[in-house]
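Encoded as structure tokens, the following chain is the form predicted on its own, with no partner shown.
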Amino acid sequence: MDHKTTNPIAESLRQSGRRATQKRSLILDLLQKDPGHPDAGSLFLKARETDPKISLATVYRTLALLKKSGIIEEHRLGESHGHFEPVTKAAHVHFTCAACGRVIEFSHPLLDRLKAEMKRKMNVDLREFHITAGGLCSRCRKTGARP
């Protein structure tokens, strides 16, 4: 697969002045296809299925570069290690289930209005906006799962 011509996020990487190498494009593709906010370890395992020679260090360096370039975001989601997703324009909340660990995104126009109000009232250049919530998802509530 030619990542250079088919991956819009890789194009964003090139537009930010970074080279879209095969390994970077692979990691970007994996992030783009995984709605579950993977961590570095799970990205490494998935990347090795395609490129057995990729190292964990390469994954960490690539994630750091993509984050610095503003292409991906890192979220803690109630854990000590980071989870990653491509940057989106729409503000959203990350809800993490305390029982099963599933991450659910919630978007609402009020979140975008809140961002705009913060910028206006505080006169700031808001570059990051993260809201996290936690509890039990509907599935775990239904089954009576415990955190």
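In case it trips you up, residue 1 is the first one in the sequence shown, and so on. The structure displayed is predicted, hence computed values, not measured ones.
Omitted here: the form predicted together with a further copy of the same chain. The next part is about that form.
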Using heavy atoms and a 4.5 Å limit, would one call residue 93 a contact residue for a further copy of the same chain in the predicted complex?
yes
_Quick check on residue 111: any heavy atom within 4.5 Å of a further copy of the same chain in the predicted complex?_
yes
Partner proximity in the predicted complex: residue 56 to a further copy of the same chain, non-hydrogen atom cutoff 4.5 Å
no
### Message
Can you tell me whether residue 117 touches a further copy of the same chain? I mean in the predicted complex, with a 4.5 angstroms heavy atom cut-off.
### Response
yes
Answer among 40 to 48, 82 to 90, 99 to 107, 26 to 34 for heavy atoms within 4.5 Å of a further copy of the same chain in the predicted complex: the stretch 99 to 107
In sequence order, the residues of 105 to 135 that place a heavy atom within 4.5 Å of a further copy of the same chain in the predicted complex are 106, 108, 110, 111, 113, 114, 117, 118, 121, 122, 123, 124, 125, 126, 127, 128, 129, 130, 131, 132, 133, 134, 135
